[in-house]
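The chain that follows stands alone, in the form predicted alone, written as structure tokens.
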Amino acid sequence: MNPNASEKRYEHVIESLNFLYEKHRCCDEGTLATYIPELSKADPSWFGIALADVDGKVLEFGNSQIEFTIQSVSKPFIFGAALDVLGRDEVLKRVGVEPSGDSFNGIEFQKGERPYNAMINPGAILATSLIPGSTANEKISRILDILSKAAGRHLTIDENTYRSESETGHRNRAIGHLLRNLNLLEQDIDEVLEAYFRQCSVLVNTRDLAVMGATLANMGVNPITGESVFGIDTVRDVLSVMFSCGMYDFAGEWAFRVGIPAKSGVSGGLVAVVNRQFGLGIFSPRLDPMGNTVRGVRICTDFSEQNGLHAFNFTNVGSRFVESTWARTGN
């Protein structure tokens, strides 16, 4: 690509995100998550945006360095880790890939046999159980390693949020026992759930989410560190499920209007991925009734529309894989 064209595109992205940040920073719609007491302590005015591309460039706007707990944004990455360890066939015996049409903590199961997908709590708890380790400490050590490699820095756990999650996680414990009843969860329920509560309590900032998204966009290789985190087949499977299931019971509307893989969390984080191009991280703790960050949904909707990023938009050049391959072979 012409260096001047690349620089102009980079300037356009800066102008576009800066405009959207200013446009939506005064939005005060939505409420904080209160069912986990520690999350209710967030400042509702916090708002950060970051974009990391597959060349390692990172743009940051607003409160991009404020740390918050990753919550459900961890789910696609742990699903990916399980796929890398066990392979697609073994994982899909236990968790499906169908949208549930239900909330993130719904307790329905596909045909009464397995969780609908790994982006909602039953499937996410099961994915955590598939991470190697017989104890919570062994599992969380591996989980932290995966999330840290994707973010490109060492991540830690917020102990206050972990205790808050553990003390109020009765619905998740019920899900754990239902998984055991279906013979899907074979390990000690308490150990798996403690690992899951700690997984959701990992501290990240908006920049981390952008880099984690860019790692998926870059065929599983962190574009900052150059470290391979996920296999290529795993990335394809993770992005597919993020596209169809990542935004809870707003997933269909999201695919229709925004059209890019994404995952949200109830602390106000959101990661979106444009394959082979960039990862977008957003943090704003005001949530809509479905548990998605209000500002995050609006930013992604506008940014996708302005830049033709919808997967089925005829102006979207899509993956650069074919283009770059042909350039290397001289075709």
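Numbering starts at 1 and runs along the sequence shown. As the structure is a computational prediction, the values presented were derived from the model and not from experiment.
Keep in mind that the form predicted in complex with glutamic acid is missing from the display, and what follows is about it.
A residue is said to contact a partner when one of its heavy atoms sits within 4.5 Å of a partner heavy atom; residue 117 fails this definition for glutamic acid in the predicted bound form, lying far away. At a distance threshold of 4.5 angstroms between non-hydrogen atoms, residue 50 is out of contact with glutamic acid in the predicted bound form. Using a 4.5 angstroms threshold between heavy atoms, residue 54 stays clear of glutamic acid in the predicted bound form. Contact annotation for residue 36: at least one heavy atom lies within 4.5 Å of glutamic acid in the predicted bound form. Looking at 55-63, 262-270, 41-49, 278-286, the stretch with residues near glutamic acid in the predicted bound form, meaning non-hydrogen atoms within 4.5 angstroms, turns out to be 262-270. The contact residue chosen from 187, 110, 172, 225 relative to glutamic acid in the predicted bound form is 172, the criterion being a non-hydrogen atom within 4.5 angstroms. Checked against glutamic acid in the predicted bound form, the residues 129, 234, 205, 72 give one hit for a heavy atom within 4.5 Å, which is 72. The three marked residues, 165, 200 and 248, each reach glutamic acid in the predicted bound form, with a heavy atom inside 4.5 Å.
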